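Read the single chain below, which is given as structure tokens and is the form predicted alone.
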Amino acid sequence: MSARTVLLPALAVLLLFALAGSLLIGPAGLSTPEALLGLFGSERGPAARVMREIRLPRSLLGAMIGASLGLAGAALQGYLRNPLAEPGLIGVSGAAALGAVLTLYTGLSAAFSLALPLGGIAGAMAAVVLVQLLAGREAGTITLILAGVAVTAFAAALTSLALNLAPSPFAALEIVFWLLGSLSDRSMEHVWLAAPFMVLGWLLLASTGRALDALTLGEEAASSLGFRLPAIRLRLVLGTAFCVGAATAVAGAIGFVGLVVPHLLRPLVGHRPGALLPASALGGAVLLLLADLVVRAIPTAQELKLGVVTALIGAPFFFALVLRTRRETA
């Protein structure tokens, strides 16, 4: 039995274990029977509150956001034929972060509990419109990348401006902490808000699988096989905006997942971009849940931010990748 055959079942099993760990491990000190009773039982005591209002939404969001980042990263790398492509390349992450930061800066997030994620989603949608306007309908991959880089740079500049002009040090600190990414203090409201956008994004990105396989032969060959590249690009951009924009809106900026996971899994699927999509979605969910477990397991005075942990995981991976590439080309 080949690695490709067992990959998806193995990742699904790993995801179940990661979800179980995320639900059963935490600072509340609940035993496994207490945790299960609090999650599935009819009682409304402290254990039920911890499980249903704290751990369950955190676990669900971790899996959903990880799947979104992994899937979007694999789709973008397949479309751009660039293994260094990642979800933030087309400006969605930066613009979503800017939209959320503006709600913090203006005080809307304090007046309305869901203003922050709604602002992030609005920022992601604005990025799609701007990228499409800049790139044009018939633009190639280079033009798309340049448009994304321009939107990312502009969003980063405005975010820095908001930090620079923050009305108080406490407001600036709140913005910085949110930008570092976290799953703490999230509720089922965040899950229900993000879920429709993420599911729509997953469907759009999954629908590009066959076209991505055809693109490995080149754009002309893919066009000759009946794939309309402008339509594929629009689905890709919209899918990334919906799922990654929603992820950034509810959890802040979490990097490296969409970059690392496709790299790790690509050799196991035979370098087929279409086959990499579901594997990267499952792998991204597993990686983010495990990173969140690390966040909760390390005893610190203040909980580590999830974006910091994923960066600490991702950076050594690329150090190793650089060293391996040097050895192979020597």
Partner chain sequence: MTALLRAEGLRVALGRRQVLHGLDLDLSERELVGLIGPNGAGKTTLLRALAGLLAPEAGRVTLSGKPLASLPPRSLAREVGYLPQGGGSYWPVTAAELVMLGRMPHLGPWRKPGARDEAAVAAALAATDAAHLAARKVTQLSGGERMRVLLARALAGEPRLLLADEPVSGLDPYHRLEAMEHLRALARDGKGVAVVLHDLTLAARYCDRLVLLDGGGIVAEGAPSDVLSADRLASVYRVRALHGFEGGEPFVVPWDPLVQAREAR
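Model, not experiment: these values are computed from the prediction. Residue numbers count along the first chain shown, from 1.
What comes next is about the form predicted in complex with its partner chain, which does not appear here.
When contacts are defined as a non-hydrogen atom within 4.5 Å, none of I313, T325 and R327 contacts its partner chain in the predicted bound form. Note on the interface: of 102-110, 206-214, 247-255, 168-176, the segment with non-hydrogen atoms within 4.5 angstroms of its partner chain in the predicted bound form is 206-214. Its partner chain in the predicted bound form comes within 4.5 Å of no heavy atom belonging to G45.
Taking the partner from elsewhere, A221 is found to have a heavy atom lying within 4.5 Å of its partner chain in the predicted bound form.
Among residues of the shown chain, G148 is not one whose heavy atoms approach its partner chain to within 4.5 Å in the predicted bound form. Its partner chain is not shown here, and in the predicted bound form it never comes within 4.5 Å of any heavy atom of R52. Taking its partner chain as positioned in the predicted bound form, none of the residues of 20-59 brings a heavy atom within 4.5 Å of it.
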